[in-house]
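Shown next as structure tokens: one chain only, the form predicted on its own.
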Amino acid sequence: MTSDAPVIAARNVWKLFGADPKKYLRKMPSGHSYDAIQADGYIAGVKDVSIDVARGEMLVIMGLSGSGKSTLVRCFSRLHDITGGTIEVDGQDIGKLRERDLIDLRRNKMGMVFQSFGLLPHRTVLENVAFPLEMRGQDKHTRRERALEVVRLVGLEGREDYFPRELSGGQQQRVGIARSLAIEPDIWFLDEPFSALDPLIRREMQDEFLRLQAMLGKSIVFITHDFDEALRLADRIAIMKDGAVEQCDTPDRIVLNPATEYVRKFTEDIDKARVVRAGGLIRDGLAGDGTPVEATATVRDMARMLVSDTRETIPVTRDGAMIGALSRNDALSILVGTD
């Protein structure tokens, strides 16, 4: 994750479904609740959301079915036109783009992968991957070379001439990922891409996805309803309810400091020792001596050291540089579940 200007900036975004949503939004009383909006005959798919996606960040959006997470992502790409607010991509208000410019933006900057693989059954792996390049008008040789490159990237070398029916579910999902990568997108939208897969294949795909992200450094918005998956993948997690973002923060902060009662209940069964990292436990004003711990180490990773160590404070480093210190008692409280 980087600290550059956001690649996506959403401000006070509304997406209402109903007879005349724009007129209704203009007249709607401030602070009108989700239920009150529904009683008026409208559905708030997205309710006054302001959120940024940083360049190179993986933002995971979570929520129960109907919470608005897929609707929000479709607003980011203007597959849905928003009812109110603004969404900027690289500083450009996408709501003001002409249709041709919007198509160019999607073709050249955005990759999308959805739960349904959407592969063309009568085309081979290579032809499926090359399809968006064909739609872009690239010549046959150029698109074949690019398709071969991303097929190798996702680990499907040797299966270029297979048809989708000859592939496993995980392999089909890799084709979908390769197809979205073929256009070299800056922004990648993934809507529950692994939810239809068996647990073992799903874990393998998560590992593959993390490998690709480490290599490519894309800005990613990833939707899931699986908290374990979110914890593995996310730089930040946004938890949605009734179209609104209840909290958007790092996994550490969400499980340690839930902003609302809903978030607390959403995370109460999570093993905090497996989530909270040393970097998230740094306290201002603390200093420590002796062997440091790496900022990315979880409390579970540090368990043996925490039990045997007698230091009150433990220094924390990131990539070899000292960034602060944590309280051993804070970490122990999380380890034994008394935080």
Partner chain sequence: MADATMAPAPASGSGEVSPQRFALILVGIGAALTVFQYLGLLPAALHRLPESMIPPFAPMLDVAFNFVKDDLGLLTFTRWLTGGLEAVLDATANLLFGKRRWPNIGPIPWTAIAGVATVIGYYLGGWRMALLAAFTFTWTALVGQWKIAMETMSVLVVAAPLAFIIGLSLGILAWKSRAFNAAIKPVLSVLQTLPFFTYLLPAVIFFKVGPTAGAVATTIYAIPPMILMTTLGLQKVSPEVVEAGKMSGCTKFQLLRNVYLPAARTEILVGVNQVIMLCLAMVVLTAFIGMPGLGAKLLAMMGSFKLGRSFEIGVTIVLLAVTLDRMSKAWVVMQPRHFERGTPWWKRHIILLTAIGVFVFFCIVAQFIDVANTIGRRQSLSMGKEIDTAIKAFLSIDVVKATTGFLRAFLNVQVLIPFRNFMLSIPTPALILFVTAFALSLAGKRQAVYAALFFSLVALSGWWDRSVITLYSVISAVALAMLIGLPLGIIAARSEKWSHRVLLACDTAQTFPSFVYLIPAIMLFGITDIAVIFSILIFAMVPLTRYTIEGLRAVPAEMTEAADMAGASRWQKLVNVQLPLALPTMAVGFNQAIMFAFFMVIIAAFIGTQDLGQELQRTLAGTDLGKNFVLGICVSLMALTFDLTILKWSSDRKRKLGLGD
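Residue numbers count along the first chain shown, from 1. Computed from a predicted structure; not experimentally measured. Under this definition, the rigid core comprises the largest set of C-alpha atoms superposing within 1.5 Å between the forms.
From this point on, the text means the form predicted in complex with the partner chain, which you will not see here.
**Q** My question is simply whether G85 lines the interface with the partner chain in the predicted bound form - judged by any non-hydrogen atom within 4.5 Å.
**A** Contact with the partner chain, no.
**Q** Hey, in the predicted bound form, is R146 touching the partner chain, heavy atoms inside 4.5 Å?
**A** R146: no contact with the partner chain in the predicted bound form.
**Q** Report yes if any heavy atom of E204 sits within 4.5 Å of a heavy atom of the partner chain in the predicted bound form; otherwise report no.
**A** Looking in the predicted bound form, residue contacts with the partner chain do not include E204, since no heavy atom lies within 4.5 Å.
**Q** Within 4.5 Å, heavy atoms only: does R264 come near the partner chain in the predicted bound form?
**A** Heavy-atom contact with the partner chain at 4.5 Å: absent for R264.
**Q** Looking at 119 to 127, 192 to 200, 211 to 219, 238 to 246, which lies within 4.5 angstroms of the partner chain in the predicted bound form, counting heavy atoms?
**A** Comparing against the partner chain in the predicted bound form, the contact stretch is 119 to 127.
**Q** With the partner absent here, would R11, K47 and K96 each sit within 4.5 Å of the partner chain in the predicted bound form, counting heavy atoms only?
**A** Not a single residue of the candidate spot has a heavy atom within 4.5 Å of the partner chain in the predicted bound form.
**Q** Quick one: of E166, D226, E184, D101, which gets a non-hydrogen atom within 4.5 angstroms of the partner chain in the predicted bound form?
**A** Going through each option in turn, the one that passes is E166.
**Q** Residue by residue through 170 to 184, which ones have a non-hydrogen atom no more than 4.5 angstroms from the partner chain in the predicted bound form?
**A** The stretch touches the partner through R179 alone.
**Q** Once everything's superposed on the core, is E127 shifted 2 Å or more at the Cα between this form and the one not shown?
**A** After core superposition, the displacement of the E127 C-alpha between this form and the one not shown reaches the 2 Å mark, so yes.
**Q** Would G176 count as moving between this form and the one not shown, using a Cα shift of 2 angstroms or more after superposing the core as the test?
**A** Where the cores coincide, G176 still shows a C-alpha shift between this form and the one not shown that is 2 Å or more.
**Q** Given a superposition on the rigid core, I'd like a yes or no on whether I82 shifts its C-alpha by 2 Å or more between this form and the one not shown.
**A** No, because once the rigid core is superposed, the C-alpha of I82 moves less than 2 Å between this form and the one not shown.
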